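Take a look at this single chain in structure tokens; it is the form predicted on its own.
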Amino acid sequence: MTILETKKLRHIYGEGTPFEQAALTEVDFTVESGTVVGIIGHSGSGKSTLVQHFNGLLKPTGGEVLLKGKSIWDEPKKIREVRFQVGLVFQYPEYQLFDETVEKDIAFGPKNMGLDENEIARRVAHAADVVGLSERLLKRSPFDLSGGEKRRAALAGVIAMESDVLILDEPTAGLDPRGRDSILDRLLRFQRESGTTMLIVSHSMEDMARVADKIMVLDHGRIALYDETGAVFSRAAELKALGLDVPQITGVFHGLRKNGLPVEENVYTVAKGRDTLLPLFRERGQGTC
């Protein structure tokens, strides 16, 4: 079932002025409910502009955005309801923390939804658990947290709204490898358990390989590629022509194929690489005995 869709979406900054610049041009794509879609592209390709259309933070210059088959701008006065259904986490979301305690900050969204206190408390506790925030931190000021803890608190604030669609703009930017892996693992577990549709903007090909079912590649405001993750990463030459790369493990397997080893081209995770090579090692080991 399609949950999110764009039809000939266009966005022009400074329209009608000498500084007019097209950020999105004729963008058509669909997102199926319960999937994880990665959005990649070089800087300035239109990634952040695109995702800000999905919950009405930006209004299209042309075309439309549909949520569950209905244009989100059919009733402009109800755009606030759309933002409850489509949660958006900006890059470096910890800069958005503002309340006196972590608990109150996480509760801000659910309170604005008009939920009762019991439901708000349930959502705060669940969201904190999803991102790995201990109960003792909920009573502290968000400004007393470490950088990684602030990131988790900010993510929890959006997760607590229990949106149908969750959009994450570079959710692991600035984190060390351990913090990045922890956040991604928790988000992916949450997505699988809840069935939430998730869109993730990232510059990390390794992160996208780990979590995305499909990948969209943007180039100068247009969709250059949109397919299943393995199919996109198998097109290394096209990605490199767009100023992008493939996961390191994918590059390794492309090299193995060039050197005559009979391996697949669409290996894009270390786990899949291991599973692909082990049978070959066993076969060759048996052959030499």
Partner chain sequence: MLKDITIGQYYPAFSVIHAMDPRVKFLMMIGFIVVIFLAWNIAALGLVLVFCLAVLFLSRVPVKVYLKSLKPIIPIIIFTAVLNALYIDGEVLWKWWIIEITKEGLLRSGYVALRIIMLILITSVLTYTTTPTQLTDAIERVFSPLNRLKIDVHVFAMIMTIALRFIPTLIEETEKIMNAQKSRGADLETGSLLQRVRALLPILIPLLFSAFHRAFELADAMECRCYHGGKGRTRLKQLKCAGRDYAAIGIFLPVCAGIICASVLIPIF
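Numbering follows the first chain given and starts at 1. Note that the structure is a prediction, hence the values are computed from the model and not measured.
One more form of this protein, predicted together with its partner chain, exists but is not displayed; see below.
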Specify the contacting stretch among 177-185, 149-157, 194-202, 210-218, defined as having any heavy atom within 4.5 Å of its partner chain in the model of the complex. 149-157
Mark residue 109 yes when one of its heavy atoms lies within 4.5 Å of a heavy atom of its partner chain in the model of the complex, and no otherwise. yes
Can residue 80 be called a contact residue for its partner chain in the model of the complex at 4.5 Å between heavy atoms? yes
Can you tell me if residue 161 lies within 4.5 angstroms of its partner chain in the model of the complex, counting non-hydrogen atoms only? yes
Going by a heavy atom distance of 4.5 Å, is residue 96 a contact of its partner chain in the model of the complex? yes
Among the candidates 45, 229, 55, 250, the residue which, in the model of the complex, approaches its partner chain to within 4.5 Å (heavy atoms): 55
Counting only heavy atoms, which residues in 203-228 are within 4.5 Å of its partner chain in the model of the complex? none
